[in-house]
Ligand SMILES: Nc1ncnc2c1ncn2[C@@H]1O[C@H](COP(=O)(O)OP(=O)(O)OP(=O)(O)O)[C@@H](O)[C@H]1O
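Coming up is one lone chain in structure tokens, specifically the form predicted alone.
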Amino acid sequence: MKDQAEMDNSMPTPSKISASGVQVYYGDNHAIKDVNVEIADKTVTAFIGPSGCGKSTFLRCINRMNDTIDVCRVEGDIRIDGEDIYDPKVDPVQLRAKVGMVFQKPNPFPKSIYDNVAYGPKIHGLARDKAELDEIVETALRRGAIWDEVKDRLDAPGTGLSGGQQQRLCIARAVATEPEVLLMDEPCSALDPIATAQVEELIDDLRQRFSVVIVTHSMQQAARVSQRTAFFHLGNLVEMDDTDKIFTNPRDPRTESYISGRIG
């Protein structure tokens, strides 16, 4: 007989991302402690928890962004479609084409709207000619729900767009390389409520094609956009379950305390 925790954590679909025994150290600071997690495909998974609890650090393990920090050390096993992403044979640049990332603050390149989106497909050789590149750019901008707003000014600088448009441009840029996983690190925290609603609607559309993992400080946002939620506290993954269950009937008293506002 499976115990309750195991049954509650059983996944209806095969995992897209599978992590076991993940530890992250920044020098002597043990930032992530023995995290085990299964993330399904074509699902939005939200990571919630107080500031500094490790949710963004763990997110950055999934595309090896922590490799860029000298004092950071990652241990354990993280697999995408069964492939060990920390295997020495895996090229982090190729991995990041497969695992797109959208950051907290919109960060368009100081290039045209067109070149922002075309950059990734160009360096990864995804287009044979200009016509193919045009098609990739249009498709990505449509997936970013911004095509209609920019189609007549693709040569204009991406930095000239509003904050919400810049973030949707960054999402279009992230999906232009046809990734399989899309990581979002508090993608709405710098946006106003209208732009936030547009991005949340977009996240719901994107999960038809990608496994989306979002770090958010907003529990309301997690409840609105995700199907699964993981609660982190002091570097530990406290529990992970269906979103409605986490918010209405969490198993762990720490989750209950966070959701009711007693810790955080």
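So that there is no doubt, residue numbering starts at 1 and follows the sequence shown. On a predicted model such as this, the values are computed, not experimentally measured, just so you know.
Just so you know, the form predicted together with this ligand exists too; it's not on screen, but the next bit is about it.
Proximity to this ligand in the predicted bound form, taken as a non-hydrogen atom within 4.5 angstroms, holds for one residue of Val90, Val71, Ile123, Ala156, which is Val71. None of His217, Arg224, Arg64, Arg207 but one reaches within 4.5 angstroms of this ligand in the predicted bound form through a heavy atom, and that residue is His217. Although the partner is absent from this view, Thr57 contacts this ligand in the predicted bound form, with a non-hydrogen atom inside 4.5 angstroms. Interface residue remark: Glu138 is not counted as part of the site for this ligand in the predicted bound form, having no heavy atom within 4.5 Å.
Within this chain, Ala31 lines the site of this ligand in the predicted bound form, having a heavy atom no more than 4.5 Å away. Although the partner is absent here, Ala230 sits far enough away that none of its heavy atoms falls within 4.5 Å of this ligand in the predicted bound form. Residue Glu186 is the only member of 169-190 with a non-hydrogen atom no more than 4.5 angstroms from this ligand in the predicted bound form.
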